[in-house]
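There is one chain below, alone, in structure tokens, taken in the form predicted on its own.
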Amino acid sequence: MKCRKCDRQAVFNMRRHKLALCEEHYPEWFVAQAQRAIEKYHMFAPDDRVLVAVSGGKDSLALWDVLLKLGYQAGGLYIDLGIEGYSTPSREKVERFAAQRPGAEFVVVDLKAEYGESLPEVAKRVRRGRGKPCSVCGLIKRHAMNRVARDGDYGVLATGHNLDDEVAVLFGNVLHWQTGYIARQAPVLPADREGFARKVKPFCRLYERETAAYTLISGIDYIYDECPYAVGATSIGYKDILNRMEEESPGTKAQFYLGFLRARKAGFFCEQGDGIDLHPCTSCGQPTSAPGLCAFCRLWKTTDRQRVNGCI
């Protein structure tokens, strides 16, 4: 199969676009698609400082690479959760990526070093062995991302969520009619409260396999393994169902997601004001609805390892 733009051999074929491209023109197309999404959804401007949450996986590293190539002021944030057999190799991938790009700002939040416990340790303590630590993990990540964005004067927080991720979340929320979550799902979540950064997803229109192709063609070294706690997640099951639908009818996932965005823009899913009064946490200063300490700071309140950052 020949490249659509030249006579060279194509290395990647996108059935939904009926488009095959070579190793030179595919990365160009991919970068252009990301820029198109940034502009279409008014994610950020050239003078905005963007913090990219990087995990060591293909999507987040590809996003950081693309934003740097486009000339944006994009810094990276890696959160070391201390997950045995996973955090160390993924952190090494991110550090190697940053070292190969002189001038790229890079911040590491080491949970164990800064707060005295790893994710598995704090989750075991507060959950007493009840299930996976995913809810605790989400709380920790949100707090770390908001803190670094605030302290580093980043107005925008970017994540590498791709189309497959977005469609799986949407499918699950529609299946269970989680109307609140449906109303808040969007390529851009504005910073509607003081202390929060605007959250954006520049890859929301790109398939996971398209991102994987970009990283491979561009020579980006990433960790292939998923987080061990992700095994058995319902979102993975939803992705399998959607992949089978996509195989039968290319473009199904894009049609589902983009149709949702059009309906959302037309007002079919109106987000209601929650009326929640937010105020600064008395310890870390981040917005919280709880009196006194925020949920993150309360994680460390009962442990004898209380340390640093004023979160005790």
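Worth saying up front: this structure is predicted, and the values here are computed from it rather than measured. Throughout, we count residues from 1 along the sequence that is shown.
One more form of this protein, predicted together with a small molecule, exists but is not displayed; see below.
G160 belongs to the set of residues with a heavy atom inside 4.5 Å of the small molecule in the model of the complex. Though the partner is left out of this view, K141 does reach within 4.5 Å of the small molecule in the model of the complex, counting heavy atoms only. The small molecule is not shown here, but in the model of the complex it comes within 4.5 Å of a heavy atom of Y78. Among residues of the shown chain, A62 is not one whose heavy atoms approach the small molecule to within 4.5 Å in the model of the complex. A single residue from the set M43, L67, A53, C281 has any heavy atom within 4.5 angstroms of the small molecule in the model of the complex; that residue is A53.
Checked against the small molecule in the model of the complex, the residues M145, V122, C204, A213 give one hit for a heavy atom within 4.5 Å, which is M145.
Judged by heavy atoms within 4.5 Å of the small molecule in the model of the complex, the contact stretch among the candidates 213-221, 70-78, 95-103, 170-178 is 70-78.
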